[in-house]
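Heads up, the chain below is alone and in the form predicted alone; it's given as structure tokens.
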């Protein structure tokens, strides 16, 4: 998976210069969409960390994503008392993640008195309260309902206070490099942001993997499988749930901070709104709940579908309009032309098809993409790959 993400920008760039450029633009997600995959995928993995491994669905998870995002913007704009405006982005990102973790402890102290759908609803209620609060909080910006933007220069990911070990990220503010190592290959600002954000996401992924495979992670799974039995054998169930919730919020806060650092603007709708959590739930189910990496695959599918079915960055609709002969596009059958079909059935219909796919997955692929693959293999891909290599070694 990591190798695929590593080589994708290079392969996409090479295809863009080849005779298959129009097909690549139509059927492969652009680099800006892949950057969204990174921070949204990390957010979905944080959702899966608590929901998939403890069995408690956090419908208010957007609150932690929004806290991380707004913390970066407020800190960078010098609006958090005691935090200098020139604090390195990596530190403000960690600050936002810690604040999200603290918020999770406050929410969890009340919410974990409930279980099942009541837990999901009360976390959703907390998130909606924060959403309304931020929408009307004039301290954030003159027009808080529209959100806030980052003032000043580019934000860097790297070693704090060491300029040579940092990479500026952002849509228009990222670092770019020409003729890298004399190969004639140029690295655009978008590609630099992609690799810098990917580095943070990979570190977070391995951290969550390590926690899941630790004794604490096994306790989380014990709570998910049978909470009463876990308590009976001596686990402090409440503390385990609180710890998992806080750690999950920490990584959700980092995802929100990455979003703010790259987009340089935040709004209540793009962070605290309950549909942000709904998107994480959908991609988690599509990718495989309780698999950690599965939500990232689900996010790739979600963003790919959104990209190829839109005209924002080429897409299938644009490809068909440019390649299908004009005579066929304007052929009228019962008052409907082929161009009308493209406009009505293809262009911008990603949410429609994603909804259909979601229903099909719930009905026929309940374990999601990665969960189904693991079921077929009889274990994780890494475990089975090791077994196969061992057989060849003999």
Partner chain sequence: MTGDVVALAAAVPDVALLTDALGRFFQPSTFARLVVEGLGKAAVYFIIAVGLTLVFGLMGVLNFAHGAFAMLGSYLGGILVVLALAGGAGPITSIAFFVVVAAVVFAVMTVVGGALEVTLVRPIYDRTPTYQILMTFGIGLILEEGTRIAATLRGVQPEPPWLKARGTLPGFLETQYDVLGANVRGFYVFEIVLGVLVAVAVWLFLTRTLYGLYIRAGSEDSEMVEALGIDVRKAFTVVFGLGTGLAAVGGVLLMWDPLWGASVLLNIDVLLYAFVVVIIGGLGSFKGTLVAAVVVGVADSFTTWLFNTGIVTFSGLPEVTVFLLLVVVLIVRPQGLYGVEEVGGH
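Positions refer to the first chain, counted from 1. In this text, all values refer to a predicted model and were calculated from it rather than measured experimentally.
Not on display, but discussed next: the form predicted in complex with the partner chain.
Under a 4.5 angstroms non-hydrogen atom cutoff, the partner chain in the model of the complex has residue 136 among its neighbouring residues. Shown alone here, residue 88 lies farther than 4.5 Å from the partner chain in the model of the complex, counting heavy atoms only. Though the partner is left out of this view, residue 132 does reach within 4.5 Å of the partner chain in the model of the complex, counting heavy atoms only. Taking the partner from the other structure, the partner chain in the model of the complex has a heavy atom within 4.5 Å of a heavy atom of residue 275. Of the residues 262, 297, 250, 126, just one reaches the partner chain in the model of the complex with a heavy atom at 4.5 Å or closer; this is 126. None of 253-261, 103-111, 240-248, 200-208 except one has non-hydrogen atoms within 4.5 angstroms of the partner chain in the model of the complex; the exception is 103-111. Contact here is defined as any heavy atom lying within 4.5 Å of the partner chain in the model of the complex, and by that definition not a single one of 62, 142 and 270 is a contact residue.
In the model of the complex, the residues of 360-374 lying within 4.5 Å of the partner chain by at least one heavy atom are, in order, 362, 363, 366.
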